[in-house]
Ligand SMILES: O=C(O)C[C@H](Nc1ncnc2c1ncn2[C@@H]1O[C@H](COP(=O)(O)O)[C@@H](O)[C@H]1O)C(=O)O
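First, one chain by itself in structure tokens, the form predicted on its own.
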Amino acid sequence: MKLTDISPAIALTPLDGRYHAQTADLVEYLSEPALNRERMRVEVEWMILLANGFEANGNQPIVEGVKPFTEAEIAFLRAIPEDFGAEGIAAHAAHEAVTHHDVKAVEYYIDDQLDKAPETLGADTQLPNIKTLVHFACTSEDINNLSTARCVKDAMERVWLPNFEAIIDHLAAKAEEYQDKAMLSLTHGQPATPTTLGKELAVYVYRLNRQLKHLKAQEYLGKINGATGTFGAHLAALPNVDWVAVSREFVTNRMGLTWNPLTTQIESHDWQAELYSTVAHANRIMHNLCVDVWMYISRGVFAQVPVKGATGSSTMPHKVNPIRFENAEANFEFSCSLLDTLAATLVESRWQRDLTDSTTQRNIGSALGYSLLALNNLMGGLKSIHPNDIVIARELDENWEVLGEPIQTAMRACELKGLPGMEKPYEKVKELMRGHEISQKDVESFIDSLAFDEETAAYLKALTPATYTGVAGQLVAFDR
């Protein structure tokens, strides 16, 4: 038996199969039915503007021969996309099976609904007689670019960004909680100047907040200007209408987008390239976070909370694996590969139009879906870890050589003040500490062997790896 014969819900990709629960929120905005529903919204709002006008034209019909829609007719039109469900999806698919054109199928679907208007509005309604107003003077890309922009805008603002901000907020809270928790740094994998756990988390908060700022300022552009962006058909039909003003009104005030006045047949997609590049950048920062946390777990700095009943290894019962971070890594990588392709492909089009953007944009849902899945895994992972105080303290206590930096720097300052015996400070400290096991006693003896002034000697001898963190704790305040 074929798997597809068992259930249509058996999916080819994991986003709609294994991980459906984590990515389902995007279906409302980035699935094929969601796109068709948005196309219907664009079509009916265009009809309403053409029939009822706008403030600049005195709210008079833009197209001659059409009476202004009544409130009941407007409500009926706006209900067409809102009521687009399983039956509507099937009806649209039936039209597309004949037309082989998804937008034309939307037009015919709306025509079908207009035929039903008298059942709701009575025999006097004009709706069945104005089918020619559907898709008036439009090219498919007029409808598509606006629909796609609105779908992506809603997906970002209602789904992806809230999940992204939740990660930032969680990290910020932990950065504040652990702002003074000293820990050993490793540069090039070797013990280095101590920091605090909070400050290291705050580094990621700061990085991610910069990307959040870009994403919140993102423009979503749209156009409605005909087959090659010239309003040619508009003027041929109604030469006395200010179609540029109508276009600006529709895109800006009716669609809630930024109006693009200069395009070919397609909206140029530069805003999409900007958006996907920024999301990919955020993905990569979070990928870096996943790798760092994974290594902290491996080092024992973070401990994981075991999930009751969960299995870490099919053969090693003791294992608690950092699978959330590993899953997040992989899905951030998949997302970036798609986002990079979208950003690179969408900014190019042959002359006034080719179809590469159409099939490319059908992968927007996958690109953001893999990122959303990664965000879900990252949050789950972050909530399942806590600092291992014993390991953190042990690492610090085993690496007194990290105090070589403050000692040699203090020696430099004292040499500049004219104190004797402070020449070649770096070399003297290096000779003592590099490649040797150093204890607290060794550090104190070395300090006593030098002619430090009393205040400097006392300060240096009071330092421990756990207290040598500079102003790390204070820097956390800059993460926002």
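Note that residue numbering follows the sequence shown and begins at 1. Quantities reported herein were computed from a predicted structural model and do not represent experimental measurements.
The next section is about a form of this same protein that is not shown, the form predicted together with the ligand.
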ask   = Looking in the predicted bound form, is the ligand within 4.5 angstroms of a heavy atom from every one of His101, Gln265 and Arg362?
value = yes
ask   = Residues in which of 350-358, 70-78, 381-389, 170-178 have heavy atoms within 4.5 Å of the ligand in the predicted bound form?
value = 350-358
inquiry  = Does any part of Asn144 reach within 4.5 Å of the ligand in the predicted bound form? Heavy atoms only, please.
reply    = yes
message = With a cut-off of 4.5 Å between heavy atoms, is Ser247 one of the residues that contacts the ligand in the predicted bound form?
response = no
request  = Would you check, heavy atoms only and a 4.5 Å threshold, whether Ser140 touches the ligand in the predicted bound form?
outcome  = yes
query = Does the ligand get within 4.5 angstroms of any non-hydrogen atom of Glu333 in the predicted bound form?
reply = no
key: Asp340, Glu96, Asp292, Glu398 - the one with a heavy atom within 4.5 Å of the ligand in the predicted bound form   = Glu96
